[in-house]
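To begin, one chain is listed below as structure tokens, in the form predicted on its own.
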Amino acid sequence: MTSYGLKQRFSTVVVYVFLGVMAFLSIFPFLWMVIGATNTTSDIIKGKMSFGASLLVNVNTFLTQVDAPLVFWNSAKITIIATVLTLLISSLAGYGFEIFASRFREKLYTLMLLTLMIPFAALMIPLFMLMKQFGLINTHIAVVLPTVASAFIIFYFRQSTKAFPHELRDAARVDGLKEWQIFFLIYMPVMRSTYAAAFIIVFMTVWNSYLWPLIVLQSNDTKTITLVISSLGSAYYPDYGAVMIGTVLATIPTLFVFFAMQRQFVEGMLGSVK
């Protein structure tokens, strides 16, 4: 074997070792969480890294302390409504910014992108006062409304729309379709990979959101799974086994959504248009 072949094989081995280490570091927190769900609180604190026999006890403790169907329903309702509205409104905005030309389009678009630089902490008090004026405090609507116009998702859809074949739009216009028909009947099916990638991003963001729901959701009947798990972990004597059970259960929906749509996610992130 030549020296070039040895160098190439060595570089391949280094790459695979590096990727293996990174994959382990990425998976380790989830693995530790699953193992912790089977152990007692004292074992978790000690850092025990082997499966225990307390799984059923932890499940029973979690279900006793938490109204699991209610909090999962709250999280699912908020996430699904927010995701659907965000995709609809943000894709309409991204489509409009790219397709329709105007004198102030780029200035307005730049101004919108500048809002990404504003930290959410600077918006919390104005948003809270606004929701209070509309009487939406302690309602799920207050959680959904700030998410439906996402500057990042609008940016993502506009960039993806650059790959949208304009010939399809022109042909649809010749056939007599109105602009809203072109969007719903032509654009959305063609850009389904983009929608799938955006769906995963928005779904995970809303499902895992913590700070804003913590501020506006004040009663136990309206709280989401992230808030409930946080309250379990901040108790005076926290039961970490129950916390781990709740965390594992809260992770399952996001894992399911990602693995069910991972192919479309990769296509959407690469800008695939079929």
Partner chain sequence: MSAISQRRMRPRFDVNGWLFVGPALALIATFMVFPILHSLWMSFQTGLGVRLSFGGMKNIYRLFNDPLFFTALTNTFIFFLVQVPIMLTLALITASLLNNPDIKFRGLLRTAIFLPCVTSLVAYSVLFKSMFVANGLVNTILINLGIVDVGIPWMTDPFWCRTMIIIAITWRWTGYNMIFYLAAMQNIDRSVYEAARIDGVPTWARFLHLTVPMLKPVILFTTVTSTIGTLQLFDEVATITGGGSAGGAAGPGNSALTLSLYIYNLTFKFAPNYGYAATVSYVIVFLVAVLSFLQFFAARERKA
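Residue numbers count along the first chain shown, from 1. Take the two forms, superpose them, and find the largest set of C-alpha atoms that agree within 1.5 Å; that set is the rigid core. This structure is a prediction, so every number in the text was calculated from the model and none was measured.
Another form exists, predicted together with the partner chain; not displayed. Remarks below refer to it.
Taking non-hydrogen atoms only, F51 never approaches the partner chain to within 4.5 angstroms in the model of the complex. A residue is said to contact a partner when one of its heavy atoms sits within 4.5 Å of a partner heavy atom; Y240 meets this definition for the partner chain in the model of the complex.
In the model of the complex, the partner chain stays beyond 4.5 Å of every heavy atom belonging to A37. Taking non-hydrogen atoms only, P126 approaches the partner chain to within 4.5 angstroms in the model of the complex. Taking a 4.5 Å heavy atom cutoff to the partner chain in the model of the complex, the contacting residues in 79-101 are I89, L92, A93, Y95, G96, F97, I99, F100, A101. After superposition on the rigid core, the Cα of I27 moves by 2 Å or more between the shown form and the other one.
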